[in-house]
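Listed next as structure tokens is one chain, alone, in the form predicted alone.
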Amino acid sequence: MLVFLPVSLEEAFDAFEQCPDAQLLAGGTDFMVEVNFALRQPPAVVCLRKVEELKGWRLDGADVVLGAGITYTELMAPQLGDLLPGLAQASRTVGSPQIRNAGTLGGNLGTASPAGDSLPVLAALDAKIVVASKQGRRILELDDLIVGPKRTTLGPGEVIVEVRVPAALGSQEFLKVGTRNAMVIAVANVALVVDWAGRSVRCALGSVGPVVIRARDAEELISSRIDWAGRTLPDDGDLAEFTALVRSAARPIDDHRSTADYRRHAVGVCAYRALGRVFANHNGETLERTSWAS
């Protein structure tokens, strides 16, 4: 197997010209598992770890620009975590410290697993993903990039180079359900963003469909029922309807980790709790747990 170690994007693109069937390697936390089990045997690997253009993050006007090579550990750092608390919360749930040190945001996007922990947060933030090749750059929505389980629209020689998200957009929460507290693939996860200025709620669901799902009917309903001037939630009837719409948006399956029914129930509970946490952080009140959200 050939291994390319480019230190720039141009060198990475050159490697693809030499070997079009090469596999991109970022953190390798998913890819190397498949290699070790002989599920994948690519003729060559293009390792992106030393490509400087993919590292770090920066502010660009009202946006945070995240290099595709940024790790989960870096996403948890205080300065960036204050700007993107939902991504920081999601990153804390990923694997062990070793996995968080190796795994990257670009790798999570490129793997395109329905259970990818960063993906619901990026969906709720309306992230823009920048991909590049020898032919130039293009900007994609998450739905345009990931089109199925482990399926993307990346073309030959294309590399995910950065992700752009709004800086400190409202309040953000991420909740994850798994078979244990750490080092676990999500049975279900939910990201919720409340945009106080725009008076809207965004809710994205992971591990309950072939791709990340925006619960748009639930978003529209709860955004119309919140008392934005007083920053208070609506009554139990509206909250029950919101939770039901979140559940109905899910398209889960039965597998070895969970039943579809449990996944559908779990995302409803997580969305309800995430909404309650956002408002509790603002007004000190908490949502009482009800029978339909327990």
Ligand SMILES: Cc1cc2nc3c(=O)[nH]c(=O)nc-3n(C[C@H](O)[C@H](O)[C@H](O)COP(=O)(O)OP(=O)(O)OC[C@H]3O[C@@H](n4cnc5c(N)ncnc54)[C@H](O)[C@@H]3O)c2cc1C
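Just count from 1 along the sequence shown to find any residue number. All values reported here derive from a predicted model rather than from experimental measurement.
Keep in mind that the form predicted together with this ligand is not shown, yet the notes after this line are about it.
Item to complete: Using the partner position in the model of the complex, report whether residue 139 sits within 4.5 Å of this ligand, counting heavy atoms only.
Response: So residue 139 does not count as contacting this ligand.
Worksheet item: Does at least one non-hydrogen atom of residue 111 fall within 4.5 angstroms of this ligand in the model of the complex?
Response: Answer yes; at least one heavy atom of residue 111 falls within 4.5 Å of this ligand in the model of the complex.
Fill in: this ligand contact in the model of the complex: residue 40, any heavy atom under 4.5 Å
Although this ligand is absent here, residue 40 would touch it in the model of the complex, with heavy atoms inside 4.5 Å.
Discussion item. My question is simply whether residue 172 lines the interface with this ligand in the model of the complex - judged by any non-hydrogen atom within 4.5 Å.
Written reply: Answer no; every heavy atom of residue 172 is more than 4.5 Å from this ligand in the model of the complex.
Practice prompt. Select from the listed residues 266, 249, 66, 48 the one whose heavy atoms reach within 4.5 Å of this ligand in the model of the complex.
Written response: Only one listed residue qualifies here, and that residue is 48.
Discussion item. Just to be sure I understand the contacts: of 83, 187, 76, 102, which is the one whose heavy atoms reach within 4.5 angstroms of this ligand in the model of the complex?
Written reply: Residue within 4.5 Å of the partner: 102.
Worksheet entry | Stretch from 190 to 198, 219 to 227, 115 to 123, 203 to 211 whose residues place a heavy atom within 4.5 Å of this ligand in the model of the complex | Of the options given, it is 115 to 123.
Worksheet item: Would this ligand in the model of the complex be within 4.5 angstroms of a non-hydrogen atom of every residue among 177, 245 and 272?
Response: Zero of three within 4.5 Å in the model of the complex.
Worksheet entry | Within 4.5 Å of this ligand in the model of the complex: residues from 8 to 32 (heavy atom criterion) | Contacting residues: 24, 25, 26, 27, 28, 29, 30, 31.
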